[in-house]
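As a starting point, one isolated chain is supplied in structure tokens, in the form predicted alone.
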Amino acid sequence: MSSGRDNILLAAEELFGANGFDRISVRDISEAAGVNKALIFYHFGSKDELFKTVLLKYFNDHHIALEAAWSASGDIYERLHRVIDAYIDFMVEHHAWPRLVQQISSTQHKDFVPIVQEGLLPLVRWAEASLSEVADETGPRSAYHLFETVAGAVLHHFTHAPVLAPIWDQTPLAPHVIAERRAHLHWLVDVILDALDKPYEPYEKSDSQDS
């Protein structure tokens, strides 16, 4: 049975994700959660603290979903395909949150940036450790670049969905488009893994390109 605190967190996650931080009041959350405003202040102290709690929960749930997908049996291709699937499934369920985090990290609410970093750090460290079995420790083929590439390819689709819709003349979040994106990212991961098995030859600009 859900507690008042759980109901508050669920309502806050949905409302903040759909509307952003500024356009949602404590009253909005209390009404959606079916609780008195005083209960929100009792559990969280302020709207800011409630938002920070929900933000950290978003990153923690994100981490749990990817780690569970990675930990199941299979070769590196199978495991990374599962991670891609888990990542996309999680973002479908929380599709507004990548844009909200992007806004926080760029121009709005810089006071929340340390909370984003706090939530993101365990996820990044886990990804680096997990991918180190196929990627280099540092350099262009490092685990941290690999994670950023894959994560960016997933997140971009959701952060830019409203912009892409009229350009593509279809809804990026429609099930058939998500299925295409999933298949594309499986292919992308396979290409990267195949390339990691080959000797690395750094790109060097030729003299002819300087002229």
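Residues carry their position along the shown sequence, with the first being 1. Whichever C-alpha set is largest while still superposing within 1.5 Å between the two forms counts as the rigid core. Quick caveat, the model's predicted, so the values are computed rather than measured.
Below, we refer to the form predicted in complex with another copy of the chain, which is not included among the displayed structures.
J.: Using a 4.5 Å heavy atom cut-off, which residue among L56, A68, L39, V163 comes into contact with another copy of the chain in the predicted complex?
T.: That would be V163.
J.: In the predicted complex, does Y144 have a heavy atom within 4.5 Å of another copy of the chain?
T.: So Y144 counts as contacting another copy of the chain.
J.: Would G152 count as touching another copy of the chain in the predicted complex under a 4.5 Å heavy atom rule?
T.: The answer is yes: G152 has a heavy atom within 4.5 Å of another copy of the chain.
J.: Though only this chain appears here, would A179 touch another copy of the chain in the predicted complex if you measure heavy atom gaps against 4.5 Å?
T.: Because a heavy atom of A179 falls inside 4.5 Å of another copy of the chain in the predicted complex, the answer is yes.
J.: Though only this chain appears here, would L10 touch another copy of the chain in the predicted complex if you measure heavy atom gaps against 4.5 Å?
T.: Output for L10 is no: heavy atoms all beyond 4.5 Å of another copy of the chain.
J.: Listed by sequence position, which residues of 25 to 61 have a non-hydrogen atom within 4.5 angstroms of another copy of the chain in the predicted complex?
T.: Nothing in the stretch sits within 4.5 Å of the partner.
J.: Examine I24 after superposing the rigid core and state whether its CA is displaced by 2 Å or more between the shown form and the other one.
T.: Shift of 2 Å or more: yes.
J.: Kindly check if the Cα atom of L15 is displaced 2 angstroms or more between the shown form and the other one relative to the superposed rigid core.
T.: Yes, because once the rigid core is superposed, the C-alpha of L15 moves 2 Å or more between the shown form and the other one.
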